[in-house]
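Presented as structure tokens, the chain that follows is alone, the form predicted alone.
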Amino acid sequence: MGASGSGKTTLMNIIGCLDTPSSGTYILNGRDVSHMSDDELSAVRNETVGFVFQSFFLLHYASIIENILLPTLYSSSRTPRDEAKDKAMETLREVGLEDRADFRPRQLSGGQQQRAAIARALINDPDLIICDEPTGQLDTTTAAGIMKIFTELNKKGKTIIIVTHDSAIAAYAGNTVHIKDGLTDE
């Protein structure tokens, strides 16, 4: 948590291997990722990190199942297409969207689009899920449903990092870090 400009997004981008730190060392799953090349960071992101954004970033011309399968195209494990599609349907069931697999994003509500974005983040079974204001565009009931999904994922061993301005959303966390001027309160 922190005010706009406090450094939340920069920290999230470093943790998610979208940016590299200007100094110091960053160890992720026992690997020093602070000086990796862009290609190496891409591989780490695809294998280890799932992203959920406030704006969903779903491809509007693709079906929900196609959106969810997109990260598998870049995976080093290259799961066979039928197997990947089965896994995508399983992931859709986890978020309650199995009946919307062939819909386009614009045919879904905001909460359904966010659940599709969560399913896409889960498809490669990441250890870490980073969420940037994942409930910012949602009403309080839908936001509570999204947070329930994250809580269940955390119980299954997934590490969830949520950037939020909303103290009600932060209350779901086991640990809250406040950032001010690029520094944490810890």
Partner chain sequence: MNRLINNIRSAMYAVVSFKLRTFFCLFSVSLGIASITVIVASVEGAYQKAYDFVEKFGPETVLVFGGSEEQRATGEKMKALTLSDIKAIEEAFPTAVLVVPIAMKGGTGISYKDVKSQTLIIGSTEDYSRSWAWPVMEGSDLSHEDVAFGKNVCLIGNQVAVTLFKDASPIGKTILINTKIPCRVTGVLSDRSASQMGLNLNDRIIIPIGVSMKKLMKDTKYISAIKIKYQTGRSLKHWIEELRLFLRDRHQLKEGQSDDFTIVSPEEIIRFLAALTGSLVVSLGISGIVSLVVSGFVLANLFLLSVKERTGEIGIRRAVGAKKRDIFNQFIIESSLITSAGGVLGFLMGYGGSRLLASIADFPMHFSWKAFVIGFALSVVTGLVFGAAPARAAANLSPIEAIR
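Residue numbers count along the first chain shown, from 1. Keep in mind it's a predicted model, so treat the numbers as computed, not measured.
One more form of this protein, predicted in complex with its partner chain, exists but is not displayed; see below.
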Report the residue, out of Asp32, Asp127, Asp38, Asp139, that has at least one non-hydrogen atom within 4.5 angstroms of its partner chain in the predicted complex. Asp38
Counting non-hydrogen atoms within 4.5 angstroms of its partner chain in the predicted complex, say which of Thr25, Ser167, Asn13, Thr176 makes the cut. Asn13
Answer yes if any heavy atom of Glu133 is within 4.5 Å of a heavy atom of its partner chain in the predicted complex; otherwise answer no. no
Indicate whether Arg81 is a 4.5 Å heavy atom neighbour of its partner chain in the predicted complex. yes
Is there a non-hydrogen atom of Thr72 within 4.5 angstroms of a non-hydrogen atom of its partner chain in the predicted complex? yes
Verify the contact flag for Asn46: yes if a non-hydrogen atom of it lies within 4.5 Å of a non-hydrogen atom of its partner chain in the predicted complex, no if not. yes
Scan 2-34 and note down the residues that get a heavy atom within 4.5 Å of its partner chain in the predicted complex; none is a fine answer too. Asn13, Leu18, Asp19
